[in-house]
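Single chain ahead, by itself, as structure tokens, in the form predicted alone.
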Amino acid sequence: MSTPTIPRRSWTQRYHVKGIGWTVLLLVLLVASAQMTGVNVGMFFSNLGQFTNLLVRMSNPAWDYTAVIIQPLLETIQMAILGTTIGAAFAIPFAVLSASNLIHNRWLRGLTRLFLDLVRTLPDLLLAAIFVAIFGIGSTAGVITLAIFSFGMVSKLFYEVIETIDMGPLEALESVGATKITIIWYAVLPQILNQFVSYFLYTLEINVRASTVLGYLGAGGIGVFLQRSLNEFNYNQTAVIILATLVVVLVIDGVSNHLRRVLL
């Protein structure tokens, strides 16, 4: 009985030449990028004391400020829910038109994806500045901004999920002459409902955080109070705002996990 021969590794495999080479190349690119963009890494460490000082000043939250931010925090949540719901509702048909396994017309699919790419190209801060100039200071500009942002994000994630579904139920319905709407309703949506809910809640979580930043531009919500506390160096009030936003994000994350378990 012959003994099995153990395959011999090449010297590049023994000494991990490829891994070391890619690591060195990445480090060289990082150093070169830092030099080209003028990033001073030493400044980060030299100013680390200021960061620590800021955390110390925020370590004693002004809990009595909670009563002041309850209403703007609720407005922020309402803005996020409205914007996410409107954006996700409009994203569904565009996601269907972008899915290659449902739409076989390349021109229609390509134009739809190009439109979605253009929507995702626009930064939310730019959209907020434009809509504040159009509609004035208030939550209307914030809701429209979050709706457009949610539309671009959810549509991208949604059509990628549609392209991974099982085509068996679709082919079965097509064989009996079902219409496209019937096929989408009974064969597509049941397969992607749990992912859609997960992406919806994930986008809602992002919008809650984003709406606090949009308040800097006058788009309503708790961001106005965050800007005021920072401008007045009331970091104890800033800490309360950050903690309140954290609680909202944790609640949304808990609801998302619960719904995911229920749907699965």
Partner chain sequence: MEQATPIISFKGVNKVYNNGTVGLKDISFDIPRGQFLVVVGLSGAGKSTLLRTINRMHEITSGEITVEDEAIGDYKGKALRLLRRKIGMIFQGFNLINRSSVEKNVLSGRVSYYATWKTILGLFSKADKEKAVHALERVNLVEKLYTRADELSGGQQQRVAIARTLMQDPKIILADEPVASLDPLTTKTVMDTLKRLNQEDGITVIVNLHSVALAREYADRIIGLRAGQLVYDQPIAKVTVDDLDQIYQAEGEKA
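The structure displayed is predicted, hence computed values, not measured ones. Positions refer to the first chain, counted from 1.
We do not show the form predicted together with the partner chain, though everything after this point is about it.
Out of the listed residues 89, 122, 172, 81, 172 is the one that sits within 4.5 Å of the partner chain in the predicted complex by at least one heavy atom. Of the residues 176, 114, 134, 126, just one reaches the partner chain in the predicted complex with a heavy atom at 4.5 Å or closer; this is 176. Interface residue remark: residue 110 is not counted as part of the site for the partner chain in the predicted complex, having no heavy atom within 4.5 Å. Although the partner is absent here, residue 140 sits far enough away that none of its heavy atoms falls within 4.5 Å of the partner chain in the predicted complex.
Within 4.5 Å of some heavy atom of the partner chain in the predicted complex lies at least one heavy atom of residue 168. For the chain shown alone, residue 101 is not a contact residue for the partner chain in the predicted complex, no non-hydrogen atom being within 4.5 angstroms. Picking from 190 to 198, 68 to 76, 155 to 163, 140 to 148 the stretch near the partner chain in the predicted complex, with a 4.5 Å limit on heavy atoms, gives 190 to 198. Counting a residue when any of its non-hydrogen atoms is within 4.5 Å of the partner chain in the predicted complex, there are no hits in 116 to 152.
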